[in-house]
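For reference, the chain that follows is the form predicted on its own, supplied as structure tokens.
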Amino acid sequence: MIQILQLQPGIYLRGCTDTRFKTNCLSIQFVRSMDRQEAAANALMSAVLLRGTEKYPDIRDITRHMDDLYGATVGSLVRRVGDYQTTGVYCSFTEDRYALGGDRILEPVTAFLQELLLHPRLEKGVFCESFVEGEKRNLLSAIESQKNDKRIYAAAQLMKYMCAQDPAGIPRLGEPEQARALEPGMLYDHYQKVLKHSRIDLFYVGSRPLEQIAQLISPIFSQLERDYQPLPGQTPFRDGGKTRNEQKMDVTQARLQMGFLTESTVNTPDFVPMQVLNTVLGGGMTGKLFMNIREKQSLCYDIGSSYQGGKGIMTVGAGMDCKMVDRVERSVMQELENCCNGIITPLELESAQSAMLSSLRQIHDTPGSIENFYSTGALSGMELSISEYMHQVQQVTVERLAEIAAKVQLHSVFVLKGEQV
């Protein structure tokens, strides 16, 4: 059972009290509207905060302190959920009852998080230049390394063109030109703005009652001078028009990315059936795309589909010989047409349902997966519990899938081909 407490206007603590785990987790996320001009700053900010504080001035001191706390770990957390981007930290630490000699771990962990978020090490009144430059290099490397994985790159390019007018088209880590422009003073000013105006979401998984966690956490934010500015709600997909783009690059095989619009989002009754449809079509090795296009017809090397419930977008990605692009695209449309006509075998439906149910059962296996599922769900607007989710998966029929498939429409296509083609 997930509990929710409001600590202050715009500051929410969610939690799952669970005594099964030897480790607990606590995340703190500052939630911002996805904005192309500040996405890179949000991604960089949390990494710079982890470089040093007033009390623990460098990574070595932070690591030593974490070792003293029974090997607790802390890391940067940057997410994109629909129209929102989050920046913050995730901390994992040993449950108090497994400490030696009555040692306490939760209390010093929360004290450290307060030090980390509110007392960064400064230089001339702003972030240390060496910290900013070092983490900026890491961020640029992460952004630019996506080009080395053509599957990731092609998927990102499709979203860039398809969602040109929508926040979903903004990269989670921001654009390289924005990252390069960031200076210590600029980033520190942004940090102050984030602390003052942002919605703050916290999530705890462990054995303590959530009310006790609230008593520990509240002092962290009582020191802040807050002027909370409520976030606008999640918005439907902002359509900038259909696109078809092709890019040539030094690659040995082509990548095809197809973007589809559905009428199903996290806020519609057919959200779960749409997820089942995606799984039937291409959500795994038992999906129609893999079994028919890759295995039976041998038209591609890999193929699969994914679904973004926040915007109601389904995408299909495939890698193939450059000469096979058109045939693979036609075959994908044929498999979708088969779904529209109810040509879904009992085995295909059962396999999709079993895969989804297995994934849902695993959510409560670790503190991290619990935090991830419910934190992102809260931001997207999804209110289903795991049991409700599973029940809806089990109720889906072929007839329902055919109704939903009939509403799925191809919107945009991106093709990455070799330069000699």
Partner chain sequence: MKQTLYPRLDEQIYWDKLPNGLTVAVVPRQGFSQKMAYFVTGTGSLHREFSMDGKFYRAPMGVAHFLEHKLFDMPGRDISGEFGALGASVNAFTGYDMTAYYFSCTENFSQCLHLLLEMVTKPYFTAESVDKEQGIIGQEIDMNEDAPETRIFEDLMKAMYREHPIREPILGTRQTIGEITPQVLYDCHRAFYRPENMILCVVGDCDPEEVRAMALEMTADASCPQVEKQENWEEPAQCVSHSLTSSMEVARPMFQIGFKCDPLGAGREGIYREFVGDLAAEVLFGESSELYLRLYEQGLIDPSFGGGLDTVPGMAMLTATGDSDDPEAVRDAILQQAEKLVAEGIAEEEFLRLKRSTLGGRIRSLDSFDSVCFRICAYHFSGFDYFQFPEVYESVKSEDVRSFLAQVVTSQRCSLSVIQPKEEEL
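Positions refer to the first chain, counted from 1. A quick note: this is a predicted structure, and the numbers were derived from the prediction, not measured.
We do not show the form predicted in complex with its partner chain, though everything after this point is about it.
For the three marked residues, Ile59, Asn138 and Ser298, a heavy atom of each sits within 4.5 Å of its partner chain in the predicted bound form. A residue is said to contact a partner when one of its heavy atoms sits within 4.5 Å of a partner heavy atom; Tyr12 fails this definition for its partner chain in the predicted bound form, lying far away. By the criterion of a heavy atom within 4.5 Å, Pro176 is excluded from the residues contacting its partner chain in the predicted bound form. Taking non-hydrogen atoms only, Ser222 never approaches its partner chain to within 4.5 angstroms in the predicted bound form.
Taking the partner from the other structure, its partner chain in the predicted bound form has no heavy atom within 4.5 Å of any heavy atom of Glu211. Annotated contact segment (heavy atom within 4.5 Å of its partner chain in the predicted bound form): 150-158, selected among 180-188, 335-343, 150-158, 167-175. The partner is absent here, but in the predicted bound form a heavy atom of Ala72, alone among Val126, Leu195, Leu77, Ala72, sits within 4.5 Å of its partner chain. Only one of Glu246, Asp302, Glu263, Asp239 comes within 4.5 Å of its partner chain in the predicted bound form through a heavy atom, and that residue is Asp302.
Shown without its partner, the chain has Arg51, Asp58, Ile59, Arg60, Thr63, Arg64, Asp67, Asp68 in segment 44-68 as residues with a non-hydrogen atom within 4.5 angstroms of its partner chain in the predicted bound form.
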